[in-house]
Each structure stands twice: as C-alpha cells, then as structure tokens.
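A single chain comes next, written as structure tokens; it is the form predicted on its own.
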C-alpha cells in the first residue's frame, strides 16, 4: 500500500478542525485508511542517518497514512481532504469540467517515430493556477506517488509538467537518435546530449532506476515546442527551460507512455486534484493531441459514467439490511453520487473521473461496506454450514511425519524450485526425460525448474551439513511437480516421501527397514496380491548397479529405493555412501 505523508497542521487546517491522534486514527479507519505513523522530518532523518544529520531538520508533525493501492485520488493532501470532507458530509463532491480556451487550443502532435518506444501521449492545461510552497510540494509529490504506483516506475506512463508561459505551441512528440537530442535538463547549468545524460544519470540515485526503459533503444522520445525548445525526454527528465515554480500561473501537463488507458487516468487524477487552485475552480483547459494516423483527440476526458446496482444485492453481499435510500446516502459519502431509481430497489451511481478504481459492481458494494462500517456489520451464523475436516492427503502426511521422526529420521524442508542440473545431470538423467516444469524467466540458475524428485534437496542438505556427526538420517514429505497435458494448468502435483541415510557404510538395510515400517503403518502387508507390496530388482541411472529396487503396491509402481551411484554422490559433493528411498504416498489415501 502506498504511504502518503502530510503535515498534520496543514491537514487539520484544510479539514476545518483539529483532531487528537486517536480521533484521526479512528476517522482513517472509518474511511478505509490506516494512520501508519506519527513522526517528523527530523525524526525520520535521525532514524535513517543519525542525530548529527538531523540537526536543523523540521520538527513539523507528519502523519503517514496508508492508502489502498487503487485509490489514486487519495495520494495527495488535496484528494485526501476532499475525500474525508465528502465522507463526513461537510461538502458535496465537486463537478469537474473540461473547458475550451478563449484563444487557440494547445496542440500536441505525435509523430510515427514514437510507435516502437512510447506511442501514446495525452495533455491538458491548468490555467491561472495559484501555487504556494505547500501546494507546489504536494503537486510534485503526487507526480512521484503516481510514478511509483499506477505508472509502474515510469515504465507505463511518465508525467511532465511545464510552465506554459515559457513555451510556444504547438508541441511535437517524436523520437530521435540520442546524439541528435541536446538540451539543458532540470537542475543542470549547461546543455548535454541524450547520450551524455544517460551516462551522468547512471550515478544518480533517483533517476538511474528509469534508464533501462529507453537506454537500449535506437531512438529516444522527446517533446519540443514550435521553437525547438525541449520540454522533456520522457521518461527520464524534463527540460530546465520550462520548469515550474511557485510563481508559475499556467501549467502544461503531458503524459507519455505505453498504456493509453493508464495515461488518461494519470492525467485525470493530476488535473482533478489541482484544478481546485485554478481561478475557475475544478475547471481544466483542454488540449488537442494529434496521433500519427491524423486523428485528433481532446484531453483530459474527465468522463463521468453511471452504473446501476440493486439495493438487495448490496445488502446480501455485505450482510446488512438497509433501505435503498440509506445505501444511496452511504455511497454518496464515498464520492459516488447515488440516487434511487426505477422500482425503488435500483440505485444509480455516478462514477467521477477520480474513481478509476470502480470497475465492477463489487467495487461499489465494497465502498458501501466501508461507509456502513465493518465494525457495524452484525456477526451472524451462515444459513448453510459444513463440517470442517483436514484434507486427507495432509492428514496422512502429518501422521507419517511423526512416525518418520520416531524412526530416528530428521525432517527437512527444501525449495520447491531447483536447477536443471540438480534433477537431470547430477542424477544421470536427460532433462527432456524428467517432464519438468520450466520457469520462463528464472532469476537465478538455482531456481530454473520445479522439482520432479525430492532427492536432490536432501543430498544438498547433507552436503551443507557434512560436519555433523554421522550417521545423517533425513526425510522430507512434500510435493513434486510433473507436466501433465490432461490437467487445465498443464502440470500436476504429487505428494512424495523421500528418505536418505548417509554414513560410512551404505545402510541399505536401514532404508529397507524404513520402507517396511512405513508399509506397516499404512496397513499394507508384504505380498504379491493387490492389497500388498513387493520390491523387485531394477536399474536406475542414480543408483549403483545391482543395488536398486522398484517398489510396487496395489499392483502399481510407487517409487524406488537403493544405494546411490558414486557419480551421483560425487556430483553432490559428498564423500561417503548413501542409500535413499522415494515413494508416492497418494495411492494410499
């Protein structure tokens, strides 16, 4: 969940009253938020860098508030205050309007060169806005929060804000070779080419995380005005020429990206949050964007849409009994203007452009539950009931675990993922014969496939504990994964039991005795009939020739036991003989 830091006194001033810390914590809970921490800039720096660095830092009290990840409208002080005021019914939800300019509309022209890099762009103008230091800081902070959240660290969308009075439209969004782009970036004193900037920012703690988005591309995106002045090189840095300040009166906002829908949402959020400070409150000046195919669109959309939800559905899903009128009132408190229509059981909800998180009726029902108060929902016994019971496979696993421990074996838990080498090369098997499920983008060579046998994990555990007193007797009861085209996901889990005995002598008789004990516990007698079990001489690449047996129970093969081949022992960096047993326990359910 994103965390929003706001100055307590500034927040209370905007809310029109003060709260104790406990009262505000309760208010946040009622609204579906969480007051995470009460701190100050000085306290934060002192914790992170020490008291010496904190000297001179501000003592202003900060509230750190956890906000749901999809509530983009609550990522700044303005949206937070507006949401709480509407929730407490102190104000009505404002109506956001897109207006056409008195003169010529600002135009952003997208060229076809951007198609393979960041093909989409949207734009708008905040006209006659009045910043203060706190408002300006909030404006910058909101952009950063959006970049880290919905913009996915600028990979999907990058935001650029510019002082319109320093620029001359129309604007062009194109892509050029890095050597052909040259401008003075933010907070620099001279011009650099794009290549030089990418090298400089490799050591910049803030910007280096975004370089990978375009650094290997043959062309870099760039936005410039009619005079060739560079506004920005998205998603890396804005130009210094058009930087906004506290004194900026007209702000040109452009959002470029690879996701058109998210670019429109980001633009809507920024302009709705800060149009409050425009001379004409909650109005946003339109901008025209011309795409390479010649089609032009006007942004921001600021689209309102309506949904209809039945009151009885809300009551049923939440577990309450409220009248449609009361439910409409609850939803209106959540910034969803609602009214009862039709047969008196239908509620029409108007979804504003700030609530991009409302996608389905369940989102509306969730907001109704929040407004009603989760603590106010009475606990009731469900009309239907089931008798809880342990999953049979897990119950069998638990019973076997205890008896394996009673037999003197120590349980281990190993990773479900392993390397191809572990389940194939080291066991003398070709990887194609293992039916292993491969990870498409493994982060390390140690986690390339899902394990098809528990044996490598146990052998690696022994290798890591070779200094322990002998003998080492280990076991594990866990799932292995095998490809299976007959299942809907293309793979199937099987619960296996694997045990290993490691000592100066192979200890085959100990592993054999363990198998007999397991079968005794499972009430499977020795014998050739269908109810019994038997072991038959077999061969396997992981086992010593003549020292391997296949285990049959109920007429089907369930696993193998035997003395491991010296090559296998050597490949797992072991130095002494080792016997193992591995069976599938699912047939015994």
Partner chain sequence: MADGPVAELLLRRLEASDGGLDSAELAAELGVEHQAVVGAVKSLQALGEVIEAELRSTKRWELTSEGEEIAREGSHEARVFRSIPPEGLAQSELMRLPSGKVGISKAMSNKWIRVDKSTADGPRVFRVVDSMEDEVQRRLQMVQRGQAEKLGEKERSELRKRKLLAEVTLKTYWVSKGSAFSTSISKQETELSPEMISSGSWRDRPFKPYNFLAQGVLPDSGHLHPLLKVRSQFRQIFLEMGFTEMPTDNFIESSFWNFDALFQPQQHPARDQHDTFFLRDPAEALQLPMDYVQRVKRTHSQGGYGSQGYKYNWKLDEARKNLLRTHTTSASARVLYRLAQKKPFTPAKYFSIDRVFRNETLDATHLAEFHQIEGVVADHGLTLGHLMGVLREFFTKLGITQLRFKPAYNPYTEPSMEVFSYHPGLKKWVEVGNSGVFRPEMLLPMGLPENVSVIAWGLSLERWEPWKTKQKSTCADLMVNSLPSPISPTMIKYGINNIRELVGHKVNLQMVYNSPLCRLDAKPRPPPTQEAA
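Positions refer to the first chain, counted from 1. Here the structure is a predicted model, which is why all the values come from computation and not from measurement.
What follows is about the form predicted in complex with the partner chain, which we do not show.
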* Asked: Ok, 460, 241, 82, 147: which has a heavy atom sitting within 4.5 Å of the partner chain in the predicted bound form?
  -> 460
* **317, 280, 130, 176 - the one with a heavy atom within 4.5 Å of the partner chain in the predicted bound form** => 317
* Any non-hydrogen atom of residue 106 within 4.5 angstroms of the partner chain in the predicted bound form -> no
* Is residue 142 close enough to the partner chain in the predicted bound form to count, meaning some heavy atom within 4.5 Å? -> no
* Contact label in the predicted bound form: residue 65 to the partner chain, heavy atom within 4.5 Å -> no
* To do: Considering only heavy atoms, tell me if residue 512 and the partner chain come within 4.5 Å of each other in the predicted bound form.
  => no
* Asked: When the partner chain is placed as it is in the predicted bound form, which of 500-508, 97-105, 429-437, 218-226 ends up with heavy atoms within 4.5 Å of it?
  -> 429-437
* Structure fact -> Near the partner chain in the predicted bound form, with a heavy atom at 4.5 Å or closer, the residues from 433-469 are 436, 437, 438, 439, 440, 441, 442, 443, 444, 446, 447, 451, 457, 460, 461, 464, 465, 468
